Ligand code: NAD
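Just the one chain here, laid out as structure tokens, in the form predicted on its own.
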């Protein structure tokens, strides 16, 4: 096996090397999962729930250790790493509380000796190719409901969050999930290709649009369950009746949280011209207050860029915007090494001719565009290939609902942003993906219904 080298993006120091799975190793693991799945499905739901409840307890007990691992390999500020792990506990609670109702066999007709029932059954063996930006959230959204509903899982964590993925696997095994029911598959793109080539009953992927489209092409003819959680170019409109200072504070956090490396980060801002200057001034002041530095420090808000190639994307978007007339208000450059750093960056007087208003950014960079009306804002918000989230800041709920009802996005926000709830489905329009996670529908997606027709003799 070729070793996978894992580096700290804040320092570029080598953290460790772990064995990567080649195609033959992946095939062996897939066969083991296929063999183990029927016994796991046959276990009472209560037994599976007990395992996942013990997993929850273990995560809560090891938050500090797990957060340190996450920070070391992703560059995420330690306070945000802790917040992610504690937030996962709420999601596990939701799945544990709701899975019984989802897995209940329902009688939908019972007359004249004829009974009709719907029985939820697991898909079988599912593959999960997870993401690095929120490794515990994105993996947990798949692993927890998939295991609860009786599936076996071949789990490939991102190569940029491998240690977190292995820690999650360890805790699930220690909680009682059989080792062949949840199997970690370690490696980069070649390992992922080998995984997708296996006989699987579902593929659940979180990552880039380009990779997602490639996966869809690969498995489309096989007619298996496919869920793709892809990118976003998430817009927010600040109306003329909004308070500029409070809106700016909330949206600066929405744009820069996790160093802007969130699929639902605010990436486009439209502000009514009546309050534009006041909003921009307050926004810049807020971003300037964010501390950049050592991700292990509790005071750090802006951490490292996890993937070094993204630095070129960020610089290209800044240079393009400035060349086309955008005003650089702060930042705009790579930070000093070692490590992958980019300054928190804000531009005003931007428009849709610029890359930063059209292409996914995934970093601490935001453009702010003035608009003259609600109608103009809606038109610009919908001028995108993506449709993950969108928001409106206004004092008027009726106005907000009217605007957001016209915006093509899977999740919409009034006076908030960059928020995910386990109770609500997470899905997108267009290039933001296919299928969903979270909510009771996010449990059901790991099942297939079996229809029963029974006539009394």
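Just so we're clear, the structure is a prediction, and the values are computed from it rather than from any experiment. Positions refer to the first chain, counted from 1.
Below, we refer to the form predicted together with this ligand, which is not included among the displayed structures.
Asker: Looking at 276, 362, 301, 341, which has any heavy atom no more than 4.5 Å from this ligand in the model of the complex?
Answerer: Looking at 276, 362, 301, 341 one by one, just 362 meets the 4.5 Å heavy-atom criterion.
Asker: In the model of the complex, which of the listed residues (201, 159, 84, 98) lies with a heavy atom within 4.5 Å of this ligand?
Answerer: Result of the distance check: 159.
Asker: Just to confirm the contact call: exactly one of 75-83, 209-217, 170-178, 116-124 touches this ligand in the model of the complex at a 4.5 Å heavy atom cutoff, so which is it?
Answerer: Result of the contact check: 209-217.
Asker: Should residue 283 be counted as a contact of this ligand in the model of the complex, where contact means heavy atoms within 4.5 Å?
Answerer: No, residue 283 stays farther than 4.5 Å from this ligand in the model of the complex.
Asker: With heavy atoms only and a cut-off of 4.5 Å, decide whether residue 138 touches this ligand in the model of the complex.
Answerer: Yes, residue 138 is a contact residue.
Asker: At the 4.5 Å heavy atom threshold, is residue 377 in contact with this ligand in the model of the complex?
Answerer: Result no; residue 377 lies far from this ligand in the model of the complex.
Asker: Any chance residue 230 has a heavy atom within 4.5 Å of this ligand in the model of the complex?
Answerer: So residue 230 counts as contacting this ligand.
Asker: Does anything in 280-315 come within 4.5 Å of this ligand in the model of the complex by heavy atoms, and if so which residues, in order?
Answerer: Only a single residue, 307, comes within 4.5 Å of the partner.
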